[in-house]
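What follows is a single chain, given as structure tokens, in the form predicted on its own.
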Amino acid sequence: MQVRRISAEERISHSFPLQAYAFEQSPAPAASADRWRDYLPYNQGNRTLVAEDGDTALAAATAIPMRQNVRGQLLPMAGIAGVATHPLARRQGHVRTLLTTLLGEMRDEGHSVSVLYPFRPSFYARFGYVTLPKRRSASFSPGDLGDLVRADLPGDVTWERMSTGYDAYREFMVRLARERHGLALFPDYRDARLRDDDERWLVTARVDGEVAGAAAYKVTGYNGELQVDDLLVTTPLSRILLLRFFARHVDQVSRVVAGIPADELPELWGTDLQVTVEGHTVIPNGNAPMARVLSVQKLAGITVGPGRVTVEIVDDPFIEGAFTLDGHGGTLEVGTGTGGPTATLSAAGLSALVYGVLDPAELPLRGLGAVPADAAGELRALFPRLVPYVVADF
């Protein structure tokens, strides 16, 4: 068995068939190769590794070079996708070999962090990943927002096909990613599929001529649902402008279902709004995203609090070692060696703190490290709790 990076064209014969068998209805139609060929432009900058025996691909894994906001800094991120194994080669360690190689290559090329959507979280926890909050959905009747239709609000709303409004949408997403912790951006070549497929309507809220909110959506049918991928807003005004647009569908759809951040509170959107907020995780195809740190040094510059602590990272091939973390200047400074209280952490433990999803006191309870009380206080000050919002779905 050898591990090899394949070319774009080889994806049609090596990785796409394994992914189709793992994640789609199979056997794949005879015309699948043509469909996969059409998909190649949206994979052009991806890195795909395969484990192969002769001409047979045993397993495949892909890294998408993305960017993610981590505590105020837009960092290079490796989005892991398309991890699949030949049915006769499963549980033989091929994925472990591929992922270790792939993550190492992405780290060496400058990627600071990595995010994926797991088929089973416990499997990827062994690779240093920690679970992040899954975005919720808010479901409500547009009739409950009827009072907004008559509201006199500043700003404008634009309605168009995604193919027409894509450039403004992409520009808004890039701007939003600089502001929202956890938000991740596909590279241009990958995100262009949203424009080219043109399977969404796009509504944008503009204030003083600038896009301040956007929602890509589709309608399932008359008296069906208006399904919003993500309700993306920067201000309360932009949210109300979008909600008023949805309210105008009262005689067309029965429900509006919108993706929202885990810290959003839709029950406060309106006085008589009856809303259901749900967040489900389902193995294997409905899990929350997971993330990990690939380089401690490259976290320097993220926004942190006034703490100082030494962390010793153990049992990890990418970030093992001792690092002094100092936030007294408002941004993280990373040094080597020791200084101040010391905590021993796994890669997942450090990642949980960096992304703001666990308190230091929780780490020993989860088997993610040994954190004395003095070190816990410094880590708590250094990495205040945050709710990351991962929009992109790989």
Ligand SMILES: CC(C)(COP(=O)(O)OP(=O)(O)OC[C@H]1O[C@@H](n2cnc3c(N)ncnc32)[C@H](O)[C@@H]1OP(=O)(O)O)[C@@H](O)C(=O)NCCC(=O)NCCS
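Don't overthink the numbering: it's just position in the shown sequence, from 1. Keep in mind it's a predicted model, so treat the numbers as computed, not measured.
Separately, the form predicted in complex with the named molecule exists; it is not shown, and the next lines address it.
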| message | Please tell me whether any heavy atom belonging to Phe119 falls inside 4.5 Å of a heavy atom of the named molecule, as the geometry stands in the predicted complex. | response | yes
| query | Does at least one non-hydrogen atom of Thr85 fall within 4.5 angstroms of the named molecule in the predicted complex? | reply | yes
| Can Arg126 be called a contact residue for the named molecule in the predicted complex at 4.5 Å between heavy atoms? | yes
| Are any of the heavy atoms in Gly93 no more than 4.5 Å from a heavy atom of the named molecule in the predicted complex? | yes
| field | Contact segment among 319-327, 227-235, 93-101, 167-175, judged by heavy atoms lying within 4.5 Å of the named molecule in the predicted complex | value | 93-101
| remark: Checking Ala376, Ala370, Ala22, Ile12 against the named molecule in the predicted complex, the residue with a non-hydrogen atom inside 4.5 angstroms turns out to be Ala22
